[in-house]
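Before any questions on binding or motion, here is one chain by itself as structure tokens, the form predicted on its own.
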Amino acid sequence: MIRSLSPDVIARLRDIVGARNVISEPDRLVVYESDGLTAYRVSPLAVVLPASTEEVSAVVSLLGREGVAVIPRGAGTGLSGGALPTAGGVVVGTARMNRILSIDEADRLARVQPGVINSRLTTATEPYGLYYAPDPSSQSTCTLGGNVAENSGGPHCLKYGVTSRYVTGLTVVMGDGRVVELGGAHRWAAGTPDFLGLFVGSEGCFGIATEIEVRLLPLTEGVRTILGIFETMEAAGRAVTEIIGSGLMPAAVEIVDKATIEAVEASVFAAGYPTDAGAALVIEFDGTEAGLDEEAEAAARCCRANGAREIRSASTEEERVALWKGRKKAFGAMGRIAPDLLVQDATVPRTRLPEVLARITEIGEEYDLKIANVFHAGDGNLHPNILFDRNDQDEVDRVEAASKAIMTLCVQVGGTITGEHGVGVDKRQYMTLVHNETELDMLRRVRRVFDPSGLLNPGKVVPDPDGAVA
């Protein structure tokens, strides 16, 4: 494995993207040692920041000829170590590729570069009466390129689905530097393999998306948001099961637990949630005005039937933002509890939520760890946040053991190991919980079709067979 880049390679990279857009100084590389998952840290050999498809192609071609691994990186908000620099790797960041290339009002499409921030696209399309539906909790900082790599969802994916539903075309730089088009004008050709669908969610292991075409939706006519306050997480979980089981289709159903509420209310993000509550449940309906009030009231009845001690309703946009604030700012407030955070991500059947949540609490107690829960309850997508100090090796070991126990639990009840954060390096070891060796070998073979050299984001997603490079 290459441990350093020669001065000649550094010089050629600078020729491609400009001297100021190649970072090789050790003190500046610290910023790129991890993504949002700070439990793992590896310093890259260098960071290169191209500004166009042509520059990405030239950079990847050069690094490929030199046998240097390429680690794609968006905004670095990922939570599974997907942008972790592997030893001997160069980070290729897309932060400078931040232009909205076109907005097609008639066909409800937009074409963007991968460094465009998620929420900025909706801001740009609102004057056309349109918006971009996937809304990860980090949407004010995460980028469309990262969303494509992780197939990101968000609070409203219960009704509107995840990124793959909205991507209609991609320009992609392959591992050898070739530029290919996926989807777009050719997406409906009969007999054409769905390479576009295969690429979305491939976590930077198949190529780097340099242009992204996405489908837009018309702005909704009305929105109704309610907040339910519960004594326990289990009661909130039962309310979710009854809401969905009754035939209602909320746009979002989100839960935060007592530990999260306490952290938020003690921070600058205080949202007015009662700190003695066991859980808060945010429920939102949208669509045409007709029937929205009835749907919101039906959901409120489900909450009361399952022990909600208080129901708050938003009648203005300002009140809606206030009800959401405790959920939207949850991750930002976690730093008050501990210096490091491991955000787990698993999905379970909604009907198993109460027992799974109770067991996660027990796991935290067994390993003497603080676990704060924030999650998309409507589709059973759990985010247990394990809080710790990475300078305490004993605590780090307990975090790893607790993570494995949580993943195993979720699989045992009929769930899976990821809902929207990807596998990355963090959950790679858990792939054997949901795939047998034949399936894993098939995944490795598909990966080699896109990246025969194995230099694109190595060490991610698929575990190695007997120690060999996947």
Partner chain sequence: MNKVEAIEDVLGVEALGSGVGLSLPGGATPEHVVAPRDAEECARLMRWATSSGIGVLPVGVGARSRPFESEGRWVALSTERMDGIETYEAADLTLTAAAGTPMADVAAAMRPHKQWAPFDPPRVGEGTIGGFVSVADSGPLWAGYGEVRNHVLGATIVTGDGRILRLGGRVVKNVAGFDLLKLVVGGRGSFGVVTSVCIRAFPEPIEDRVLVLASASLPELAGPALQVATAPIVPVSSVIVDRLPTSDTPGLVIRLHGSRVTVDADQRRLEAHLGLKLATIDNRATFAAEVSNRGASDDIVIRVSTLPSLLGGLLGVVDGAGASSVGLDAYGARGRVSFSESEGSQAARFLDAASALGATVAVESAPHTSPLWARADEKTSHEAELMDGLRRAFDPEGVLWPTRS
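Positions refer to the first chain, counted from 1. Worth saying up front: this structure is predicted, and the values here are computed from it rather than measured.
Note that the form predicted together with its partner chain isn't included here; everything after this is about it.
Asks: Going by a heavy atom distance of 4.5 Å, is Met442 a contact of its partner chain in the model of the complex?
Replies: The answer is yes: Met442 has a heavy atom within 4.5 Å of its partner chain.
Asks: Even though its partner chain is not shown here, does Pro50 get within 4.5 Å of it in the model of the complex, heavy atoms only?
Replies: No, Pro50 stays farther than 4.5 Å from its partner chain in the model of the complex.
Asks: For Gly81, is any heavy atom within 4.5 Å of its partner chain in the model of the complex, or not?
Replies: Gly81: no, not in contact with its partner chain in the model of the complex.
Asks: Under a 4.5 Å heavy atom criterion, is Leu101 part of the interface with its partner chain in the model of the complex?
Replies: Answer no; every heavy atom of Leu101 is more than 4.5 Å from its partner chain in the model of the complex.
Asks: So, a 4.5 angstroms cut-off on heavy atom distances: do all three of Thr232, Glu262 and Arg428 pass it with respect to its partner chain in the model of the complex?
Replies: Per the other structure, none of Thr232, Glu262 and Arg428 touch its partner chain.
Asks: Counting only non-hydrogen atoms, which stretch in 246-254, 366-374, 312-320, 392-400 is within 4.5 Å of its partner chain in the model of the complex?
Replies: In short, 246-254.
Asks: Just one of Ala46, Val423, Ala69, Val59 has a heavy atom within 4.5 angstroms of its partner chain in the model of the complex, so which one?
Replies: Going through each option in turn, the one that passes is Val423.
Asks: Pick out the residues of 271-291 whose heavy atoms come within 4.5 Å of its partner chain in the model of the complex.
Replies: Read in sequence order, the residues that approach its partner chain (within 4.5 Å, in the model of the complex) are Thr288, Ala290, Gly291.
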